[in-house]
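The chain that follows stands alone, in the form predicted alone, written as structure tokens.
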């Protein structure tokens, strides 16, 4: 039996939608599961020097958690990973690994869990649904957690083939853990800041739904997390400003960072170049990804 799992990168928050909005991106990790005599992992591409090749691997640990939950024995397997999502980038690499393990185990065990149950379990493992929900469902997803259950709603995006939204992601070459980014956040915020984000997250959702970049440019501002995280990202604020000065309609920290994501009406090399120069001015090289949103979420094929 061969099981192939494909998971897209994701960008969470999208400015004001803290812990509630996420977007699937057309950048994919692909993993093949095959039955073996012991658990093992081979990694090609992103993170190959850092990722565990044994049972401590996040894919294997997530698979074992699903088996434990359903009370079934998980047969040993080998996974061959082609990783295109950079680690610790703000592009959902940990969510992708956890979903890979869950979907692989679910297929190996005869699909005991539904997609909704897998989303609940992935959120339990990840801590919040803003990456795992769009990775699983594709597109733009709004999500919430209530009583341990996830309510995720995929927003229908109007077809706009003549003027698609182009996405530029620039990733500086330094490590920023999600734990560090979380620790920087205040425990309380003002009513004014809360209202700022509530109103704008609704408008950001509408801007993506209709492809209205003018609306996105006005609405993609945040007071809850970015002001506290940008100081952890040398050159981050300058990169956001440079993106908009070079033609992007809007820019934000992607997830918890350190990458910066920008949205524009057409692919503009100048946007990525300007953002890269901003990071270089702060002493860091950077990589640029020109992407599109993905209307498709996780895929599992059994043969």
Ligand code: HSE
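Fair warning: this is a prediction, and the values are worked out from it, not measured in the lab. Residue numbers count along the first chain shown, from 1.
Only in words, not in the display: the form predicted together with ligand HSE, which the text now covers.
Chemist: Would residue 18 count as a contact of ligand HSE in the predicted bound form, using a 4.5 angstroms cut-off between non-hydrogen atoms?
Modeler: Yes - in the predicted bound form, heavy atoms of residue 18 and ligand HSE come within 4.5 Å of each other.
Chemist: Using a 4.5 Å heavy atom cut-off, state whether residue 200 contacts ligand HSE in the predicted bound form.
Modeler: Although ligand HSE is absent here, residue 200 would stay clear of it in the predicted bound form, with no heavy atoms inside 4.5 Å.
Chemist: Would residue 98 count as a contact of ligand HSE in the predicted bound form, using a 4.5 angstroms cut-off between non-hydrogen atoms?
Modeler: No, residue 98 sits far enough from ligand HSE in the predicted bound form that none of its heavy atoms falls within 4.5 Å.
Chemist: Looking in the predicted bound form, any heavy atom of residue 209 within 4.5 Å of ligand HSE?
Modeler: The answer is no: residue 209 has no heavy atom within 4.5 Å of ligand HSE.
Chemist: Please pick, from 205, 178, 223, 217, the one residue with any non-hydrogen atom lying within 4.5 angstroms of ligand HSE in the predicted bound form.
Modeler: Comparing distances to ligand HSE in the predicted bound form, the residue within 4.5 Å is 178.
Chemist: Just to confirm, with a 4.5 Å cut-off on non-hydrogen atoms, which of 149, 182, 111, 78 contacts ligand HSE in the predicted bound form?
Modeler: Looking at 149, 182, 111, 78 one by one, just 182 meets the 4.5 Å heavy-atom criterion.
Chemist: Any idea which of 124 to 132, 102 to 110, 150 to 158, 165 to 173 reaches within 4.5 Å of ligand HSE in the predicted bound form, heavy atoms considered?
Modeler: One stretch meets the cut-off, namely 124 to 132.
Chemist: Taking heavy atoms and a 4.5 Å limit, what residues of 235 to 271 are near ligand HSE in the predicted bound form?
Modeler: Heavy-atom contacts to ligand HSE in the predicted bound form: 255, 256.
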